[in-house]
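To begin, one chain is listed below as structure tokens, in the form predicted alone.
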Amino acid sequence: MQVLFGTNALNGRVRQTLVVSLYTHPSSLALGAACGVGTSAAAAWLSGDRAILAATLLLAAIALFRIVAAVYLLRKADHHDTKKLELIYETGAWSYAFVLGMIAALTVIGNVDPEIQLLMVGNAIGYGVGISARNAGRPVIAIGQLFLAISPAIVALLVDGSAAHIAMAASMVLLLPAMVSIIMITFRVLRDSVASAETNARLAEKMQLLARTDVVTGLYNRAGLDHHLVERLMRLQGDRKFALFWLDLDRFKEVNDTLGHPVGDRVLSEVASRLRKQCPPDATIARFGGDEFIIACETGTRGELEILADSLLQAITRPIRIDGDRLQIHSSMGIAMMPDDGNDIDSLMQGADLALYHSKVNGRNQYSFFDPSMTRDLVRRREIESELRMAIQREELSIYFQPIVDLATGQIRSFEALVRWFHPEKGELRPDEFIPVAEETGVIITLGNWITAQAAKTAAQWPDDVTLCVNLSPLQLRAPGAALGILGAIREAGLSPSRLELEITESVFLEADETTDAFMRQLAAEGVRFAIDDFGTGYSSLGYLDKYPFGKIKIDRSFVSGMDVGKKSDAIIRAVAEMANTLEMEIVAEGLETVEQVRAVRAAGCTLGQGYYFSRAVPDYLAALLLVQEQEGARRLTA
């Protein structure tokens, strides 16, 4: 019977909903009971039959029990077992229906007034039909009540044997399958509706969970973090402080670009797992985006946070093995506390972000606590940004030129254009002070275009065999109309495109896309040449040497005059020089300061040199003077 009516097939939550629906609206149960007890009492009084009176009293007791149970259990329905709720209702419902049906049968068997018989038999039929609709959510109960309410009357009518009673019994027998069919149809509609509602609720809950969860790590995402932080702060009590850690994986993009995004995702998942193990159980952990993670937790002292920060850095730094590759990831971290560093989430996150920036600037793989001086540094950067825009208009910037010399002949082959800023109040500002700010704020695009235009005007006055080298920022390269801007600048200056060489660092190709390809193709088609700058310090695939039109490689100065110069660096230079020779590319050694270094790189295969040994960066008029002196020296040698 249970299998037939779907008890086993129903989801537990759907079944519970249908069972609880039996207890809803106890007022309707009370009205039905009042009607049944009232008509039974009338039949007992009018007939004077003691058996009917006794049955009526039993019916009233059952009705009272059902009403009290319904009111009480409805309040605590969610705390009771579904089977228990169903059994209690089932017992009361079947008892009430059977007693009501027996009262109808007693009126027939006792040969009481036909009007009383009609009253009670009609009451039994009406109750059976009405309860079929009300309790159709549990077909077993509804059908049981229908049979128990009508069957005694059917038997009594058949026993009486009169033609009218037999006809009535026959019509009641036919009513049973019809009502069972209606009960089952209603049940299926109710079951499907409740199941659909349950499914939709679960899907909505799942969608909300997905919307707040990072699919790669299983941590909160940015939306989930925002939602959870608000709840955490509302629960913060006493003198406990609230700390926020902002982590950034150092050079993680290189993992994605060298080993692929699937490996990068596995690294992120492993880092997330390590963070879970190291953080307090109640900590909020989120992947804020890319390779950034945020941890929020309650704390008592700064010392607790220092211990946690150290353990987090150590956990992340432990080698990770993926498909045979041994990876070692480092992390930079910024920490801010509430209320020390702010009284709301926004100020706390701003403080942690500034502390993270401080960790990166100071060498990475470390943590920093927020300090108000960091805000002053931010103000300083914004000040530089504002003044840099004005400096371009006020002509406070100057272009200096450092020669690149042919190591075989000693002749100047080209000049690299370098910007200098002479502030009217602060004096000379170093490039490493304002160039990073320019790149962070996007001012580098305007600055880079200005450098190219000014340097091209100067270079146009040089001999035709001397070229101009200009450093190109990745932001410049991706700016809309970048190629047209460069071509327009050199045409206005009267400089041939073949005399312009754009120096690009390897980092450009970590995010190379169609924009990069189009930029280089367009300029190369006009004759502009390209060089790889700071070669050997990036982690890009060497495939770009074949893909893009490079004619020159500049070896980073760390291999020439750095602290670790020795046999290994010499071997690297020789290997790069041999590769460049095979690819018919020139190779420039940067940072040459002594004659010994010049001899070493020349012996290693470098064709060009640049550094203080030959000349520092000089103003345009001194660059012109160097060229004049070189020409005069050449004339004396040929005279």
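In this text the structure is predicted, and so the values were computed from the model without any measurement. Just count from 1 along the sequence shown to find any residue number.
Keep in mind the form predicted together with a small molecule is missing from the figure; the text below concerns it.
Chemist: Check Gln117 for me: does it contact the small molecule in the predicted bound form (non-hydrogen atoms, 4.5 angstroms)?
Modeler: Because no heavy atom of Gln117 falls inside 4.5 Å of the small molecule in the predicted bound form, the answer is no.
Chemist: Even though the small molecule is not shown here, does Gly32 get within 4.5 Å of it in the predicted bound form, heavy atoms only?
Modeler: Contact with the small molecule, no.
Chemist: How about Glu231: is it within 4.5 Å of the small molecule in the predicted bound form, going by heavy atoms?
Modeler: Contact with the small molecule, no.
Chemist: Could you confirm whether Asp432 comes within 4.5 Å of the small molecule in the predicted bound form, counting heavy atoms only?
Modeler: Heavy-atom contact with the small molecule at 4.5 Å: present for Asp432.
Chemist: Could you spot which one of Cys606, Leu592, Ala44, Ala63 gets a heavy atom to within 4.5 Å of the small molecule in the predicted bound form?
Modeler: By the 4.5 Å criterion, the partner-contacting residue is Leu592.
Chemist: Only one of Lys360, Arg557, Arg134, Arg381 has a non-hydrogen atom within 4.5 angstroms of the small molecule in the predicted bound form; which is it?
Modeler: Contact with the small molecule in the predicted bound form is made by Arg557 alone.
Chemist: Look at the candidate spot formed by Ile451, Asp533 and Gly611 and say whether the small molecule comes within 4.5 Å of a heavy atom in all three of them in the predicted bound form.
Modeler: So, yes: the whole triplet contacts the small molecule.
Chemist: Just one stretch in 213 to 221, 299 to 307, 409 to 417, 149 to 157 has heavy atoms within 4.5 Å of the small molecule in the predicted bound form, so which one is it?
Modeler: The contacting stretch here is 409 to 417.
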